[in-house]
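Take a look at this single chain, the form predicted on its own, given in structure tokens.
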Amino acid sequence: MSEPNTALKKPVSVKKVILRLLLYFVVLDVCIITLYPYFAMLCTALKSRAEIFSPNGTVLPITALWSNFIDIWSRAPMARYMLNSVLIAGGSTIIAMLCGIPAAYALARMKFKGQTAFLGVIIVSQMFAPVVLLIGIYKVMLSMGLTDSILGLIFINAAFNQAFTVWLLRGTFMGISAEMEQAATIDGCTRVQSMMKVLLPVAAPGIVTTLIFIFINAWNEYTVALCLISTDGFKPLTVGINTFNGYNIIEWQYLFAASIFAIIPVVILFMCIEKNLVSGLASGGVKG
């Protein structure tokens, strides 16, 4: 009968233990710094107006007023604001993807004159913030009769996210071997069929990641919507919550309660796609 293995495990060095503890400490600090504003926002949303402006107030509410989350629905058309945001973000995402996928495919698989210059223009276009182009955007929308409409915001958000869509998807497509599409072509598929049936399923993580980032950018857009939309029924949620920001007083408890509802869809989206997020960003970062 063989004797049991009595070999002692190699002792862990003190240096490794210290480095690991230091790493945990840094990660904990980053988490606290990142999440504390949301915690403070939730605590403020649960306070009364008197407690918010009290000189002896604390971060935690003395009495949690969950009714604040119900009151905002009667004090402002929150349902309409959220529906408008869903329509704007969803519509702009669909348009940006429908235009961006073919453009990214052409840049990844085809060679043509001026390709390098075109890629440079795409990068340069990302340097301009919407506020810089606001006057031009307003004049264009005014000439098209889209200054006070959801459709106008859909087109604008799709245009602003187009360069990001093309650049990220191009990197994703270049990270996939072209031999797979060539094999499909030999089997009788056209170029469009090989892209739809072979390339896009393989590039799904990168496509999902791009889609989510476009949706979030359109969902959070504020400046252009504030300048173009004047009708209360067409305002997105980012502009609509200004209802609680009056001329004489700011209703912080309602403003933060509405803000929490505004971040819920984004959190849900990240929870749904977090498995594809890292792989999608990595595939989109392939050097072309």
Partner chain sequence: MATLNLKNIKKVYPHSGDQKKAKKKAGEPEKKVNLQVTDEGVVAVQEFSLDIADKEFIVLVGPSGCGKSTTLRMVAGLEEISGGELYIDGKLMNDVEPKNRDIAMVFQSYALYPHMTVYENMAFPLKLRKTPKDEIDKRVKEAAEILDITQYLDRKPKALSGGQRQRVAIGRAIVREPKVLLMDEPLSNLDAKLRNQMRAEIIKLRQKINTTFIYVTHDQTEAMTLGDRIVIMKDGFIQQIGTPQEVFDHPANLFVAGFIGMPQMNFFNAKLLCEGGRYSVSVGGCTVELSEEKQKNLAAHSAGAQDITLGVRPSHMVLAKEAGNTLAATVEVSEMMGSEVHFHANAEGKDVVVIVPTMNAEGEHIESFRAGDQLNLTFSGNVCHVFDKDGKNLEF
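No experiment lies behind these values; they were computed from the predicted model shown. Numbering follows the first chain given and starts at 1.
The following text describes the form predicted together with its partner chain, which does not appear among the structures shown.
- By the criterion of a heavy atom within 4.5 Å, M97 is excluded from the residues contacting its partner chain in the model of the complex.
- Contact annotation: L151 falls outside 4.5 Å of its partner chain in the model of the complex, judged by heavy atom distances.
- When its partner chain is considered in the model of the complex, G188 lines it closely, a heavy atom lying within 4.5 Å.
- Although the partner is absent from this view, Q182 contacts its partner chain in the model of the complex, with a non-hydrogen atom inside 4.5 angstroms.
- Checked against its partner chain in the model of the complex, the candidates R80, K197, R109, R75 yield a single residue with a heavy atom inside 4.5 Å, and that residue is K197.
- Remark: of stretches 67 to 75, 165 to 173, 80 to 88, 197 to 205, the one touching its partner chain in the model of the complex is 197 to 205 (heavy atom within 4.5 Å).
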